[in-house]
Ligand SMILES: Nc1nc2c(c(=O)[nH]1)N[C@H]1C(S)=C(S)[C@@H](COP(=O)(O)O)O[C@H]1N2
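Shown here is one chain on its own, the form predicted on its own, set out as structure tokens.
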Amino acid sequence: MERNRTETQFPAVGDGSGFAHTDSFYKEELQLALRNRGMPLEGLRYPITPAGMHYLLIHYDIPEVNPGAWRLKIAGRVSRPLALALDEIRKRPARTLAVTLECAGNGRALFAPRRISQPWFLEAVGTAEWTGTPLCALLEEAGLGREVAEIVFTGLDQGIEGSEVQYYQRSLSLSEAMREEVLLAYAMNGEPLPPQHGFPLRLLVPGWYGMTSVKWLDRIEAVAEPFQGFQMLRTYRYARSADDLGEPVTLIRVRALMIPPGIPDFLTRARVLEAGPVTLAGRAWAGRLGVSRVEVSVNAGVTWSDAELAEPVSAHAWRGWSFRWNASPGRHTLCARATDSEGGVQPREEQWNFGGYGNNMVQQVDVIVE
């Protein structure tokens, strides 16, 4: 699919370096933050995140879609190209999965220096019940050619990146696309997809960071060679510099987050709570893996104790944890860290990369006990 080039010149972002080196935020970052909503961390108390609290990232604009005229096209190296209306897709066998989605840039604002982009702290996560039809069945219906290597997904949202006018596009290997849990989703928490979450249809890829679950699907194409689009080669890479290709960002890394205890100071969000028994709680997840352990520290990581684990919400979603703490007066730094089912543990320090991706360093919550 051809893309038009543009010579539009944009003003330098920030100081022109593309990085922020202090705790100050540029107006471009503020603009992005106002468009892209995070889940308030008190939302961790809900096993299923209400749709209005679920994190949201919109790369370009929310496209205007006429549902009566819209068709999902499945083409490329297939023997039976398809063009399906939403009603036709909804008549296919349906599955509902509770899935934890997390933005690959969650934690970017905690990097030093950080790339000037969506300035997430820790709130770019949520768990919804998604309803749709398995992608694999439609690919089989279209008749994949034996030479197919990848499946390319194109959304209707259009913008400019890399000095190029383009649609948002991502690809999956054929083996990943054919996994039974990969859905073409048309409902969220029992309701039709809201416009901002991909109406009328989005891809849902459990276990992967959220950039993979392409919204506002327009076209699915089977190709014989690895897809070389901007969103695959120029971004979402664990690169060390602008010139470094780096490894691609794929599966979600293990993470535990804590529901902020007590009550907040309005401006600083510093937490204040009363002395005595306190239940600390939160959620933990590990992408395609399970969570085998959550530990809590009440002294900035000097010592750790095991938290109690609840059952996972689903095989593709987070699980709750809780810990009883006898809070004594003073200032304390609370931490939580998770271990996945293969023994991977959240790091105490950031694992810096150029794009600010996959920052699953241990959360710290400063509290004042009175």
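Please read all numbers here as calculations on a predicted model, not as lab measurements. The first residue of the sequence shown is number 1, and the count goes up from there.
The following text describes the form predicted together with this ligand, which does not appear among the structures shown.
### Query
Only one of 339 to 347, 298 to 306, 322 to 330, 49 to 57 gets a heavy atom within 4.5 Å of this ligand in the predicted bound form; which is it?
Partner-contacting stretch among the options: 49 to 57.
### Task
Would you mind picking the one in 155, 282, 132, 107 that has a heavy atom within 4.5 Å of this ligand in the predicted bound form?
Selected residue: 155.
### Message
Using a 4.5 angstroms cut-off on non-hydrogen atoms, would residue 178 count as touching this ligand in the predicted bound form?
### Response
Answer no; every heavy atom of residue 178 is more than 4.5 Å from this ligand in the predicted bound form.
### Query
Wondering, does residue 185 line up within 4.5 Å of this ligand in the predicted bound form on heavy atoms?
Because no heavy atom of residue 185 falls inside 4.5 Å of this ligand in the predicted bound form, the answer is no.
#### Entry: Heavy atom of residue 114 within 4.5 Å of this ligand in the predicted bound form
Judged by the heavy-atom cut-off of 4.5 Å, residue 114 is well away from this ligand in the predicted bound form.
### Query
Using heavy atoms and a 4.5 Å limit, would one call residue 103 a contact residue for this ligand in the predicted bound form?
Result yes; residue 103 sits at the interface with this ligand in the predicted bound form.
### Non-hydrogen atom within 4.5 Å of this ligand in the predicted bound form for each of 288, 310 and 318
Not a single residue of the candidate spot has a heavy atom within 4.5 Å of this ligand in the predicted bound form.
### Task
Can you tell me which bits of 231 to 265 touch this ligand in the predicted bound form, meaning any heavy atom within 4.5 Å?
Residue within 4.5 Å: 236 only.
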